[in-house]
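One chain comes next, on its own, written as structure tokens: the form predicted alone.
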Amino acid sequence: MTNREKYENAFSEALGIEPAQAKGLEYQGIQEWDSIGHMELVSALEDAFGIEMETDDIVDFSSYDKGIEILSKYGVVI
């Protein structure tokens, strides 16, 4: 499984959407990506990539694209 597949599967798992629907999503852009969904997404990403995100990065994680940028700080290339 590629890192992009892991990334999109984390969105799918946390938000209950199809992996293909993840691209282009923004925080609160769908009902499922509320504050609870956000923390579930962060947890799914941390598990998928074996990382622990810093609080500032969790707060800044505002979209699919921003998440890719943030994960690169942890050595994850999507």
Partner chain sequence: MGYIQKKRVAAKLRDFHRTVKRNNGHIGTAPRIIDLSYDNRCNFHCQHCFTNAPKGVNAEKHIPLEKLAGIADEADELGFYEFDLQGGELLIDPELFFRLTETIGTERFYTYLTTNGYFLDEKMSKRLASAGIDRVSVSVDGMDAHQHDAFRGKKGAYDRAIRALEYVRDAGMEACMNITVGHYNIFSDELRRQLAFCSEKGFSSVLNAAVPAGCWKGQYEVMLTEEDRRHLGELRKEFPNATRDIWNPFDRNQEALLGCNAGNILYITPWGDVLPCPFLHIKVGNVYVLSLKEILDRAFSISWFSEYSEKCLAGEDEVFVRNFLSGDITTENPAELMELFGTKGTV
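As the structure is a computational prediction, the values presented were derived from the model and not from experiment. Numbering follows the first chain given and starts at 1.
From this point on, the text means the form predicted in complex with the partner chain, which you will not see here.
Not displayed here, the partner chain is approached by residue 58 to within 4.5 Å at the level of heavy atoms in the predicted bound form. Taking the partner from elsewhere, residue 22 is found to have every heavy atom lying beyond 4.5 Å of the partner chain in the predicted bound form. Contact check for residue 14: a non-hydrogen atom falls within 4.5 Å of the partner chain in the predicted bound form. Proximity of residue 26 to the partner chain in the predicted bound form falls outside the 4.5 Å heavy atom cutoff. The putative spot formed by 35, 40 and 53 is fully lined by the partner chain in the predicted bound form; each residue has a non-hydrogen atom within 4.5 angstroms of it.
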